[in-house]
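First comes one chain, alone, set out as structure tokens in the form predicted alone.
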Amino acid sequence: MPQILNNTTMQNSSDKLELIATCAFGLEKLVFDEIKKLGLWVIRKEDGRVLFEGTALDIVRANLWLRCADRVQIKMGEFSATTFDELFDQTYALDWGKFIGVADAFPIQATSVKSTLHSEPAIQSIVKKAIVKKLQSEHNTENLPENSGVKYQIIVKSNKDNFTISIDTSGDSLHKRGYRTQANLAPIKETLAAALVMLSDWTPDKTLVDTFCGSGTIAIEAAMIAHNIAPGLSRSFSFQNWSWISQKDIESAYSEARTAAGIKEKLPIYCFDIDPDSLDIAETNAARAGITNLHFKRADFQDLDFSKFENCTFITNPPYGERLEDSESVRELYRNFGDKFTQSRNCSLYIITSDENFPTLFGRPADKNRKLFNGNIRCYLFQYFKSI
């Protein structure tokens, strides 16, 4: 077989790249702050994403540490296109050979919203053809077998004829920390659970209470924050197989994360749920996350003595009642919860629900309301800064 000549210089691991951290709507400021905390330069934040600069090492660190982001992507290009010829030419002009090797796989995933080019399969086909042609030219070969075992997932987003093309570095969404192998019927995403904790007034020396803990996600994310455990430390990522990201950088970032963790002996986090199966799942999830100092107890919130809760932060995700037959029972739960909360002393409450009428049922206007999304469900984070 003739030797394949490579006319392209692969990406240098020390070069600066424009990166994108995607996130659910409403979490952009949190992701912005997380990126700044990593010491990286933020270019700007937009709806559902934050753009920033970083090296190969920073790709590793961002994937390991971002608690509220969904993915970390390499921005390849952004342009307008209203014809498939324009889409092909603009995609072809990008430096694909700097990243993708001659035998690497590069599947395409496209979404189109309010664009002239609305057919997502057609967009995927044109982008694939353009990248194939460019790689054939850059690697000086007609053969692109895509059989190396290395994958570069190409993401194409079109919105009102504006295209953004990027390479996903994460693999599975960053909400998949690796500890939650089981969940109850209505789990909250790990990224959103972390956001609720970060938006609250809770600190690790203050008591945190979740009266509807379900599979334990809010409590586990709070504990990981308290212990400074990098949320991505126990999972794998796409970038780990990329030749231009050095093993030295990967090992350095992982070593930094392991060293940064500091386990606290006592952590005042209390988790209640009426369902024993959910509690079993929550305890298993906590153990898989390396968290062993949470307090789990089977209890209906109505049986708890709220007068014993003083100077606590409540963060909870009660049932939503999305099904019609459940709606009245959930409304009654909200009324009862409002009555119980008045018995607590100097406690704050951060409660997420899809019911925008929650404050009326709860019996008190919220001090602050923030719109968030749990998956595709539009929710509201109602915040009460003091119980009395």
Ligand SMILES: C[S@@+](CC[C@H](N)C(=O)[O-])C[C@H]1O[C@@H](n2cnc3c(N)ncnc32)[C@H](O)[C@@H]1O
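These figures come from a predicted structure and were not determined experimentally. All residue numbers refer to positions in the sequence shown, first residue = 1.
Beyond what is shown, the protein has a form predicted together with the ligand; the following relates to that form.
- Each of 215, 300 and 319 places at least one heavy atom within 4.5 Å of the ligand in the model of the complex.
- Comparing 84 to 92, 168 to 176, 118 to 126, 271 to 279 against the ligand in the model of the complex, the single stretch with non-hydrogen atoms within 4.5 angstroms of it is 271 to 279.
- None of 71, 180, 157, 139 but one reaches within 4.5 angstroms of the ligand in the model of the complex through a heavy atom, and that residue is 180.
- Residue-level contacts in the model of the complex: of 188, 224, 245, 286, one residue has a heavy atom within 4.5 Å of the ligand, and it is 188.
- Residue contact check for residue 333: one or more of its heavy atoms lie within 4.5 Å of the ligand in the model of the complex.
- Scanning 193 to 211 for heavy atoms within 4.5 Å of the ligand in the model of the complex gives just one residue, 211.
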